[in-house]
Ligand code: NAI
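Below, in structure tokens: the form predicted alone, a single chain.
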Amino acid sequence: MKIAFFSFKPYEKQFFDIANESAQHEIVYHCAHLTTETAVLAKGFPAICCFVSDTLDAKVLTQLVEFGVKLVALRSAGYNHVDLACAKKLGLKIVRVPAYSPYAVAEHAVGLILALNRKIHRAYNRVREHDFSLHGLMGFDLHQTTVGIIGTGNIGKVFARIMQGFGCHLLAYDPLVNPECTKLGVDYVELSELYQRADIISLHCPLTPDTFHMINAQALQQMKPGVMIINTSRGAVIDTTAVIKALKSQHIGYLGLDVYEEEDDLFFEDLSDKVIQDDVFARLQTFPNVIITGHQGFFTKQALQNIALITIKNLDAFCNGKLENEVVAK
């Protein structure tokens, strides 16, 4: 089957070439993001493969169907960028990679915690300038701190297990209680209680209407002064403007972000010779107690291998008249 591959990055090719060895799909790689302007590249292809940075709104989906596309294979777990209601109306099938490596994202969240707490990024730069002083680098023991986990699916569960190893007290909020987390000693509480008690809050929830701007001014007011917030889930779970105000007042003590609500115009591209036009993002970068990474939480060899293998499997199933890992409008 012919597949148009959008938002292609060179590091992906080796994994997809290996995964595709037996299936022998004809993959045409495009570096361009999928937009209304580039949708024409899908003409004549029964299937396309997209990433989180691609536009899959009603206008683009309608174009795709007009060009003969019958399947959109997302090489991601998240699908909040897809107009599922429109896809259903058009008869366009959407499949995804529901899980590729919960360890990758959970471990990245822990890495952000350690870097922020022990000022590793600042120490690295200081030592390179032969400044071996310790002022401003004091951290705190993770042992006996209270960690709040919002979302206890596969990633949240792995994160809980890691933080248990540090000797932390674990709180969680999730409408669905994960029995594996309760076995770890995780205490499920209401969201307000988690905000009030947690020293560190780590977000591992999907972006839905209920979680959009979950971390807003009202939520921040309930949190401890000096709280650490980590987000490796979806950018729009956080109200960035409210968070900046809390950073300025020093109510937030540490902020670690691997995602950003307006990241589509920034992340996954080399903009080192450009002037960033996003004033909100630029303001975030001015705080010494903020670390931002460019949506790299998923970026491990194992995760990329699994993304490629599951995506090819989804395409194989479609060719055989079946659907695996389909997402549909509720």
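Small disclaimer: the values here were computed from a predicted structure and weren't measured. All residue numbers are counted from 1 along the displayed sequence.
The same protein has a further form, the form predicted in complex with the ligand, not shown here; the description that follows concerns it.
**Student:** Is Gly253 one of the residues lying within 4.5 Å of the ligand in the predicted complex, judged by heavy atom distances?
**Tutor:** Outside the cut-off, so no.
**Student:** Decide whether Ser202 counts as a contact residue for the ligand in the predicted complex under a heavy atom distance cut-off of 4.5 Å.
**Tutor:** Although the ligand is absent here, Ser202 would stay clear of it in the predicted complex, with no heavy atoms inside 4.5 Å.
**Student:** Decide whether Pro206 counts as a contact residue for the ligand in the predicted complex under a heavy atom distance cut-off of 4.5 Å.
**Tutor:** Result yes; Pro206 sits at the interface with the ligand in the predicted complex.
**Student:** Is there a heavy atom of Glu190 no more than 4.5 Å from a heavy atom of the ligand in the predicted complex?
**Tutor:** No, Glu190 sits far enough from the ligand in the predicted complex that none of its heavy atoms falls within 4.5 Å.
**Student:** Which one of Met214, Cys86, Ala242, Ala115 is close to the ligand in the predicted complex, taking close to mean a heavy atom within 4.5 Å?
**Tutor:** Spelling it out, the residue with a heavy atom inside the cut-off is Met214.
**Student:** Just one of Glu180, Asp141, Asp210, Asp131 has a heavy atom within 4.5 Å of the ligand in the predicted complex. Which one?
**Tutor:** Checked against the cut-off, the match is Asp210.
**Student:** Looking at heavy atoms inside 4.5 Å, which stretch does the ligand contact in the predicted complex, given the options 115-123, 244-252, 226-234, 132-140?
**Tutor:** Contact-bearing stretch, as computed: 226-234.
**Student:** With the distance limit set at 4.5 angstroms and only heavy atoms considered, check whether Phe8, Pro46 and Lys313 all reach the ligand in the predicted complex.
**Tutor:** Negative, none of the three is within 4.5 Å.
**Student:** From first to last in sequence, which residues of 153-185 have any non-hydrogen atom within 4.5 angstroms of the ligand in the predicted complex?
**Tutor:** Heavy-atom contacts to the ligand in the predicted complex: Gly153, Asn154, Ile155, Gly156, Tyr173, Asp174, Pro175, Leu176.
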